[in-house]
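Here we start with a single chain on its own, the form predicted alone, put down as structure tokens.
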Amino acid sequence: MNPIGNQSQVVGNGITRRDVLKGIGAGAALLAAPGFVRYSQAQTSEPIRIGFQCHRTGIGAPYGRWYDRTTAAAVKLINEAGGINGRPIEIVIEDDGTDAARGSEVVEKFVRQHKVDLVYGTLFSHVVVGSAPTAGELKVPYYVVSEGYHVASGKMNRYCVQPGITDVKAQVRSVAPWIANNLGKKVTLVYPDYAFGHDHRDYFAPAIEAQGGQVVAMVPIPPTETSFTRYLPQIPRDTDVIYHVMVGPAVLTFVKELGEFFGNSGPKLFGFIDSLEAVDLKSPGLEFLEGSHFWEGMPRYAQADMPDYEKFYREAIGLDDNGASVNDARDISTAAHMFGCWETLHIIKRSMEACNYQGPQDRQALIEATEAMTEMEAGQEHPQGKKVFDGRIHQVFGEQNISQVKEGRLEVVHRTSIEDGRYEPEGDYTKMSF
């Protein structure tokens, strides 16, 4: 399978896809050389301006706070190493309120008022879906860190790309075999009733059915709900596993009410850590989670076999061994997602170097340079692990973690392979016009 199509196709600045691949390979070799720091002769000293569409308020605020910190740490590292093509990165932040309409307004403001080179960082899928058309109309690269299948579906536009974090469809395909083999085959889904939750609804069912299981019930809940007890009686008695993925400020209430409803005699639990991102697992009322399992993109807690490059990343971000801020043990991170900001910024850097990006006139070349990427090796630029990028659908594929709650901590008990989550593309952005 060739994820990038014709490697000799001409891209921006008169270079070819083959040239881009050679440039990426050469850059990787140079970066591996001891003591090497890349400095390029810049044609301008102006900074590269990246518009960071941040969820500072709204239901995505806990993520926005940690996306901001991760972004700042990655930019500091890149700038200290010489920036991009000899130019420093400057981050321009606008709060989108975790709101789709506001997100679109922010994208336009970035382009028309702040004159950014690209827009980056969006998490919540409804904001991405609401903002991507504006990015396409204004012809500005839109690098999202969102997880939803909306980018990989091929239904966005060529300026919208998700190269630093895997999508829900791949995630559920990866974990479904383990759930069926270890927890049970009759599953009830409890999910937020908007685009991100709909991805779980639409793609987990066929994934578990492929393992001989079935979804016996689906329980959609409004993402702004604050009480959940009235929804829990919808869970059938013959359920083996409750698959839960909730988001927003009431996630702690959700898991507490789940425990109060079932006590210690309910179905087994498999959650996406979204249900507990930024929440202390030792919070009163969460004792019932002991022994249950969660998906994690990147482990919150430091693992015994953690590689050096992951230690480097955690130290740069300022995470302690429990996945909290080193400055405040009560400030729990969104570790399973925020690594995507770090990795995406390094991908932007690599893409800009490959196409010799100089300014907005090279935006098309920037997208084409990203499309030309294939394998991404685990290391300081990719601390979550090795990945494979499919330029046709602008989506990266990687490994997933299944963790178990043990004595109030999350311990990784299984790591999936990249191939576990691969699927055939439904579209091809490289055939779309700019």
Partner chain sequence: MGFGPYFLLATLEGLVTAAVLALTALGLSLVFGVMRVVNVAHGEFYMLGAVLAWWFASLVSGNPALGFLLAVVLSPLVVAAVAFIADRLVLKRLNYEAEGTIVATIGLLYIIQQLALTFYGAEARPVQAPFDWRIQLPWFGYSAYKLFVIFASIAILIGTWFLLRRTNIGLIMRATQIDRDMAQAFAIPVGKVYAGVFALGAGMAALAAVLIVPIKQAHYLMGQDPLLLSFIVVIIGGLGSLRGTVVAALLIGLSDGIISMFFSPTLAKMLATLLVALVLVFRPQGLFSPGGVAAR
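Residue numbers count along the first chain shown, from 1. From a predicted model like this one, the values you see are computed outputs, not experimental measurements. Take the two forms, find the largest set of C-alpha atoms that superpose within 1.5 Å, and that set is the rigid core.
Here the subject shifts to the form predicted together with the partner chain, a form of this protein not shown in this document.
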query	finding
Residues 178, 204 and 393 all lining the partner chain in the model of the complex, heavy atom within 4.5 Å	no
Close approach of residue 363 to the partner chain in the model of the complex, 4.5 Å, heavy atom	no
Partner proximity in the model of the complex: residue 311 to the partner chain, non-hydrogen atom cutoff 4.5 Å	no
Contact of residue 49 with the partner chain in the model of the complex (heavy atom, 4.5 Å)	no
Any non-hydrogen atom of residue 76 within 4.5 angstroms of the partner chain in the model of the complex	no
Interface residue in the model of the complex among 256, 173, 350, 186, criterion: non-hydrogen atom within 4.5 angstroms of the partner chain	256
Answer option from 303, 211, 182, 283, heavy atom within 4.5 Å of the partner chain in the model of the complex	283
Stretch in contact in the model of the complex with the partner chain, which is absent here, among 379-387, 51-59, 364-372, 394-402 (heavy atoms within 4.5 Å)	51-59
Residues in 219-239 with any heavy atom within 4.5 Å of the partner chain in the model of the complex	220, 222, 223, 224, 225, 226, 227, 229, 230, 231, 233, 234, 237
Yes/no, residue 284 Cα shift of 2 Å or more between this form and the one not shown with rigid core fixed	no
Core fit, then residue 108 C-alpha moves 2 Å or more between this form and the one not shown	no
Threshold 2 Å Cα movement between this form and the one not shown for residue 222, core superposed	yes
